[in-house]
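We begin with a single chain expressed as structure tokens, specifically the form predicted on its own.
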Amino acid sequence: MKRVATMTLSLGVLCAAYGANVVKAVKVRSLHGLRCGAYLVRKYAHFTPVVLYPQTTLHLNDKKANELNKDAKAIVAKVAAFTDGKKVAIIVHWPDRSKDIYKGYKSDSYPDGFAVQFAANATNPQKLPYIGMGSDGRAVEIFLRKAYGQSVYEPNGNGDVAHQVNPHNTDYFGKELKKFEKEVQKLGVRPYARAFVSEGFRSMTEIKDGSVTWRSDMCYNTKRHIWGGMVIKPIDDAYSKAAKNELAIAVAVWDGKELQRDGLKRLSSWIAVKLPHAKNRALEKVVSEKVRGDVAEGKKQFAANCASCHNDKDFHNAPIYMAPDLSNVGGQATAAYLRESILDPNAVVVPGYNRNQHPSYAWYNLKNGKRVSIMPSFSYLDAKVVNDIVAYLQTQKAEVAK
């Protein structure tokens, strides 16, 4: 804990770097043995402030969780990267007033956690994957870690009761007792660290074949109430590769105190991680683009063309199941993605709510086995109108917590 307690970040300071979403990776000799609270991180990491906005993928059947997250604010995280030329380490620090760790299988308690998502292919930044789960033809690789304390013993389903007794109630002593305790530890629930690949909603698949060698770490600064998380993976692996020495990543965090889990979390937009010798700026420009449009006119055009189906922070007239809520879309989507969604809705099709529960609000139809969005194309709109709407949508994001 001594190393963790010396992390030297202050996350409460707002600065002009917001919106840049560009992280420059620091070249180091080796990443072997690197931990999230190590001296190397504290001393040499170049952190970039990144805002994480509330995301609600699905409306949970959990009244308390919905109430806790109803008016959730954005938080400021800081992201840094190291590379040894073969692997990359992504380090994330974010504020959290409470340390919530896994305490066994419970339905009313959830741990803090974080994830780092990599775009499988960022050679065309104008068509990055959907920020949540990737999209058809635009896969993502996701590394997820949840906060665990000591391992928790859980029944293994095989009728094993011998390892559920208190050590003092066994007949073991000395070396035999230590051997028994090691066996119990092996059966315990270990830290939750998983890797997934996804190409759209309901396609998320855990990588279990050993095709990716990676590791993760979490540490908590009890004095400053800051979590640290780290993921180390090959720059190029079976599921994601660098594009001209740039990586497109996104960061998500879960707050256990707010009962966040699954699709209920805080999420960044795409971030450009620039490896050493990266001269191309295509990805950097896309993730940093701030549209210079007429926001007031864009709001009027949104009301005329979009508000009958989509709700956002200013308009709440549409049924909540009609179409995706856009209240935080300005903090999580690039301008390129917003333009594409307006001009070509079929490029990324979001499945929506359960079609059996809400049959009147299907977000897509099936045509020759392929999902086709029910949203019509607005490609007939004047280019200036589209630009103004995108400028307006970029203002749609939650207030940042102080």
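Sequential numbering from 1, following the sequence displayed. Remember, predicted model here, so these are calculated numbers, not experimental data.
The same protein also exists as the form predicted together with heme C; that form is not shown, yet it is the one meant from here on.
Triplet A323, P345 and W363 all within 4.5 Å of heme C in the predicted bound form via a heavy atom: Spot residues vs heme C: full contact, yes.
Determine which one of 257 to 265, 74 to 82, 174 to 182, 309 to 317 lies within 4.5 Å of heme C in the predicted bound form, judging by heavy atom distances; exactly one does. Heavy-atom contact with the partner occurs in 309 to 317.
Quick one: from L60, L40, V350, L31, grab the residue that has a heavy atom within 4.5 Å of heme C in the predicted bound form. The residue from L60, L40, V350, L31 that makes the contact is V350.
Sole residue of A336, M375, A65, C36 within 4.5 Å of heme C in the predicted bound form, by heavy atom: Looking at the other structure, the residue within range turns out to be M375.
4.5 Å heavy atom contact, N305 and heme C in the predicted bound form: Residue-level check for N305: yes, a contact with heme C.
In the predicted bound form, I389 touching heme C (heavy atom, 4.5 Å): Residue-level check for I389: yes, a contact with heme C.
May I ask you to state whether Y130 is within 4.5 Å of heme C in the predicted bound form, using heavy atom distances? Output for Y130 is yes: heavy atoms within 4.5 Å of heme C.
Spell out, yes or no, whether the shortest heavy atom distance between L393 and heme C in the predicted bound form is within 4.5 Å. Within the cut-off, so yes.
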